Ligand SMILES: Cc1cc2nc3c(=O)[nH]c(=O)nc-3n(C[C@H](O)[C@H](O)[C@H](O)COP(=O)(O)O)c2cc1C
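Next up is one chain by itself, shown in structure tokens, the form predicted alone.
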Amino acid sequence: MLNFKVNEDRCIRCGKCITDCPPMCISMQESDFPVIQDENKCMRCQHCLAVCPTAAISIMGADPDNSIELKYELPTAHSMEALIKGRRSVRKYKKKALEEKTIRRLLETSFHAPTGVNAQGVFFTATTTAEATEELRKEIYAKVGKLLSNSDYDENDMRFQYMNMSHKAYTNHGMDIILRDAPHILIASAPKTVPLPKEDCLIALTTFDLLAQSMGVGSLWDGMLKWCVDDFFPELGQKLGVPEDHQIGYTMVFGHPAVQYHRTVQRTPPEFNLVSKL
């Protein structure tokens, strides 16, 4: 049930909910108030709730008064530019874990990232304690050691080259290249049945990455961790709680950074293809 409701005392009949509805399933009826006639067409995107200037629309039990008013909260273009250009891949972390409420806030907000056909199927799996991550770290390196000693692998495969290098660094020098000694790991997965599982995960993790940096939390896109939980040892993903029918989009590590950056870097000029007419 959509439970689409219009507060008639607030509704000014402006029709914005009708014109902005992506599947065009809202119409104005004889009552002169918006209604949804065919609920099966609704995408559950809540555009109607968001676009209403008087907070007159409720849908799926969502109270518009509990939403954040955007006119006071949006960052400036300059602050967004500084965030995007100033974010760094953090490879040095403090051992102290984040508070669980901080992790929950990061994940709950990142779930608002757009998804294909508004599938909203992204599933986050994260460790909440440094102890859990340390156990995972030990298990990963033990499995990598067995993989390298027992498998007939292609030495030209870049994945094995990185695994071999990482295992030697951990065994000989106590250096953790795979998880970078971070106190938390993050896996984004989505059902294989949604239209764009991998892409949805990447968008959600990008949202997480930027939000984390804005909150003083360091993060790192971790391809080697993805190899471990997806390519080489999928049983680790299952042990952590990733649903078996999900596709893993990508993985990250995150936590309190042990390094502070003071300015943006300067990239080489980007190349554009700007099309003014066909």
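In case it trips you up, residue 1 is the first one in the sequence shown, and so on. Since we're looking at a predicted model, the values are computed, not measured.
There is another form of the same protein, the form predicted together with the ligand; it is not shown, and what comes next is about it.
Though the ligand is absent from this view, in the predicted complex it lies within 4.5 Å of a heavy atom of just one residue from Gln161, Ser89, Thr102, Asn118, which is Ser89. The stretch that touches the ligand in the predicted complex, counting heavy atoms within 4.5 Å, is 81-89, out of 148-156, 118-126, 192-200, 81-89. Among residues of the shown chain, Phe33 is not one whose heavy atoms approach the ligand to within 4.5 Å in the predicted complex. At a distance threshold of 4.5 angstroms between non-hydrogen atoms, Arg263 is out of contact with the ligand in the predicted complex. When the ligand is considered in the predicted complex, Phe232 lies well away from it, no heavy atom lying within 4.5 Å.
When the ligand is considered in the predicted complex, Pro243 lies well away from it, no heavy atom lying within 4.5 Å. Residues of 195-221 that come within 4.5 Å of the ligand in the predicted complex, judged by any heavy atom, are Leu220, Trp221 in sequence order.
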